[in-house]
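First comes one chain, alone, set out as structure tokens in the form predicted on its own.
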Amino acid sequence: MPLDESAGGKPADAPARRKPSILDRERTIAPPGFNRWLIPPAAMAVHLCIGEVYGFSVFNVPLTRLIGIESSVEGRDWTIPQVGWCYSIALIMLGLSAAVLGRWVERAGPRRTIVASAVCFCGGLAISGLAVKLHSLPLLYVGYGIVGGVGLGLGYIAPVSTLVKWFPDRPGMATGLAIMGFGGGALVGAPLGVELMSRFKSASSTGVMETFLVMALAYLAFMLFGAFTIRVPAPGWRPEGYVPTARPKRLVTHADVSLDHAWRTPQFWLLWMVLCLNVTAGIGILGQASLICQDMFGVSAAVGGGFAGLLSLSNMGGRFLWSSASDYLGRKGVYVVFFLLGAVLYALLPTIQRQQSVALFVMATALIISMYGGGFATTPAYLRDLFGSMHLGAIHGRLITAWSMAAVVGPQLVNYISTYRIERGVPRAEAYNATMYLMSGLLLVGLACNLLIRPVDERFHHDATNPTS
């Protein structure tokens, strides 16, 4: 067969190798000497954008006044429960898309994944703007809930798995840096949404459509910054001076477990329950924070809103502080603290309510929500300890279906139990007390699941020489 000298001695009829796209994983491998501390800002840029979903509540009332503008027109405007499904659908799709597309995320690499996330999340906001213009509730569900929710799932797992690979020496701190951004998304998104709506509001518009479109463009710019800044470490890369020992902690492995094996292990499903129960206990309170504070202590809506903002700060700070602490306490140890301390605090809340001690209530709930956020940030490092980093993004994607389940169960438990008790004559201030005891019990079940987690059996470890392992 003749050789083509211009092709470096390759056969003349050999197919030309495709030039790598700028989005390919191959193009994101960091060069020697790359500063790994450039990765956390890129990850946080993405998470601060998609974390806007936590601030969706600022659109609830304006979306119910698209016809009436100043007040809802019964029978023509949407209702709060109808609008509220956007938030639930988005979180459900977050978990489902991360679970289904997790394997693709590992193959495609973080840059392509984040670009896809930006297109879906920002495209969902743009579709939502069109839905407002057309006053189409199904289109709003498709835009913000389904398309935007897929963007949430992709944007959530890609930066986290990348950070863990860059910081094998401090995985808890690394994941806390990124996921702290998601928890703080409402601190940016909520005020931004309110400010934009006030600027665009007119006699014929609540300003929601224009706000969705402006936010879509702004978030697209920041997410693309994250996509083109992020890099993956070269194969075999390790931080300078980092030498892993054979087994530094009992649960930590330096082997890898493939996705196909990981999700069939008891460790995966125990950790699924750990995350689900921790989130269930926290998200029900976080989602109704303002109303709960008003009902239990008779404070104004402004004070209730301030309380909700404080919990958002606790959620954000807890993600970094608790996950960083897990590098020293161990992932299992820090979850023991979450469940034990959380159960005690929840059980004390009814007593605090009867004493009408607002200060104690705020401190206790702020600590509870910090552990709720800390649970999110600690989970990827827990997965890395158990299953290694080879398929971390895909395994994490499967695991956060627990979040989707909890996002539905937690708020419904709070809403239905409190409504049921109020309808039967329980004073509004005491209507949530039974829920607090229930949450305490759920955390104790989570404690039991956490204590049952053991190292993954070596028969599940990946053998690079055996593709079927």
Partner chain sequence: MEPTPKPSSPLRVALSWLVVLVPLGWGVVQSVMKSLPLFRG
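No experiment lies behind these values; they were computed from the predicted model shown. Positions refer to the first chain, counted from 1.
The following text describes the form predicted in complex with its partner chain, which does not appear among the structures shown.
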property	result
Contact label in the predicted bound form: T229 to its partner chain, heavy atom within 4.5 Å	yes
Close approach of Y420 to its partner chain in the predicted bound form, 4.5 Å, heavy atom	no
L38: touches its partner chain in the predicted bound form, heavy atom cutoff 4.5 angstroms	yes
F200 within 4.5 Å of its partner chain in the predicted bound form, heavy atoms	no
Contact at M44, L192 and L310 by its partner chain in the predicted bound form, all three, heavy atom at most 4.5 Å	yes
Stretch in contact, per heavy atom within 4.5 angstroms of its partner chain in the predicted bound form, of 387-395, 313-321, 80-88, 335-343	313-321
Position in contact with its partner chain when the complex is considered in the predicted bound form, options W104, F222, F297, W237, heavy atoms within 4.5 Å	F222
In the predicted bound form, the residue from L360, L348, V188, L329 that sits within 4.5 Å of its partner chain by heavy atoms	V188
